[in-house]
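Take a look at this one chain, the form predicted on its own, written out in structure tokens.
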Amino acid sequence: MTTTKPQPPLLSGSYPLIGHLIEMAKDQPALLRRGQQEKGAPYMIKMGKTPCVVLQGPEHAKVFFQQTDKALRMDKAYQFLKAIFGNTSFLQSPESYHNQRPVQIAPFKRDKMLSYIPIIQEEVQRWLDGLGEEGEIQLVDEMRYLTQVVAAHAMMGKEFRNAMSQEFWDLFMDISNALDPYLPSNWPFPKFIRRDRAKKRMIEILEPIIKERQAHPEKYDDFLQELLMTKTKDGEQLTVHQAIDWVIGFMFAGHETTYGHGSWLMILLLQNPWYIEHIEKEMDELMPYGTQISIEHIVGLKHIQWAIDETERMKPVAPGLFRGVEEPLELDGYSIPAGSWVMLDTLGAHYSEKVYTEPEKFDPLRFGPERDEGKGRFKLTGFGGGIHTCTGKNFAHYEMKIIASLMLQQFTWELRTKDPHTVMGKGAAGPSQTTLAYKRKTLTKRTAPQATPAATGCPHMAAAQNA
């Protein structure tokens, strides 16, 4: 006799028709903490009428990512993004996604990644040179601007970056403000009307650029050209409108998540000056003021990398990841039915005492070789996991390393906002507005030591270059 397995237990507080949507929209982390305390994992919440099973921890994450494109589907859970990004990346069917995957990864291959490092340094240094000897900045606003110009320069080229007007980023804001997983994206709400107008105008801006590059490919060798010239597995190149959707998606992802992560990185460091001492000592030895940053420096900045990992753990820009259930799935003695959703509770897993020592404490050294608490797959999932790990993860890490290192190297910073908190946007989570005071340091340029052949040839560096 076949025994039907039960579904995971439903969390209390579900209302007819809307389920837990109000609580979810108001304070998602609080809802998930309550679920963990009441039910453990897995448990079920209701997204309107749709049941959503919440998973947590490395073992659940393993199932979540390994079943993606099998029993689980990304495109089913993120339909609301199609009005902005079209049928690109994970918004396609698994078959189309894998067909276009060569296009997605081409701009992030080794040679291209190396070419972005001087661009990032140029933009960060230009921004730092524009600051006075002392003053104040609104960190989130400045980080948003900085990641925008880096994305524009690295992805679209220097000419586009120099010609870019405020209109372009105003259009991006209209698009960003329309992200909403709860309302039908085709309803005539004002923010959706502004979104559609912004998308139309952005196409008008980008279309002649794409067509000119397609007509004269020999004139360009950058991120955008790699995107345009790379063929899918079926041997096709992107059409003009496909390319525009990819460009909008890449540029959106290139700053929307990075500015939040980078802002929290600086906040957490300034709240923990003991760790800044480790970073400054490492920079003084490896990358003194005036150094042209190279891949050797990027790989060598271990303490900043551990701080980036710790920021991802404590302040993930995606506190939860979703999938639609295409086929019934069994997990931990429960049955998860087709047509439901699953959600990976990233934030809750990152604070698990089973994985991390004193998880409420900012301690980047937990990722160092002596402890290596983050060792093993699916412990950190702020950038996704498996084949759907964020393609631009290394680009974001390079960018945050260069921003943080040059900020700390050239200025003394003071956190004037004493208690920044997380703001849950419709797209990504980030810190509330935060004021920093700064004072320029007196520095003398000197040359960084040359990397030794052994360091250049080490397997870890080779892995980073090939990422």
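In this text, residue numbers run from 1 along the sequence as written. On a predicted model such as this, the values are computed, not experimentally measured, just so you know.
Keep in mind the form predicted together with a small molecule is missing from the figure; the text below concerns it.
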Q: With the small molecule left out of view, choose which of 367, 97, 351, 85 has a non-hydrogen atom within 4.5 angstroms of it in the model of the complex.
A: 97
Q) Tell me, which of 244, 396, 238, 81 has a heavy atom within 4.5 angstroms of the small molecule in the model of the complex? A) 396
Q.
Can you tell me whether residue 402 touches the small molecule? I mean in the model of the complex, with a 4.5 angstroms heavy atom cut-off.
A. no
(Q) Can you work out whether residue 387 and the small molecule are in contact in the model of the complex, taking contact to mean some heavy atom pair no more than 4.5 Å apart? (A) yes
Q. According to a 4.5 angstroms non-hydrogen atom cut-off, is residue 250 in contact with the small molecule in the model of the complex?
A. yes
Q. Taking 4.5 angstroms as the cut-off for heavy atoms, does residue 313 touch the small molecule in the model of the complex?
A. no
Q: Look at the stretches 314 to 322, 227 to 235, 197 to 205, 285 to 293 and give the one with heavy atoms within 4.5 Å of the small molecule in the model of the complex.
A: 314 to 322
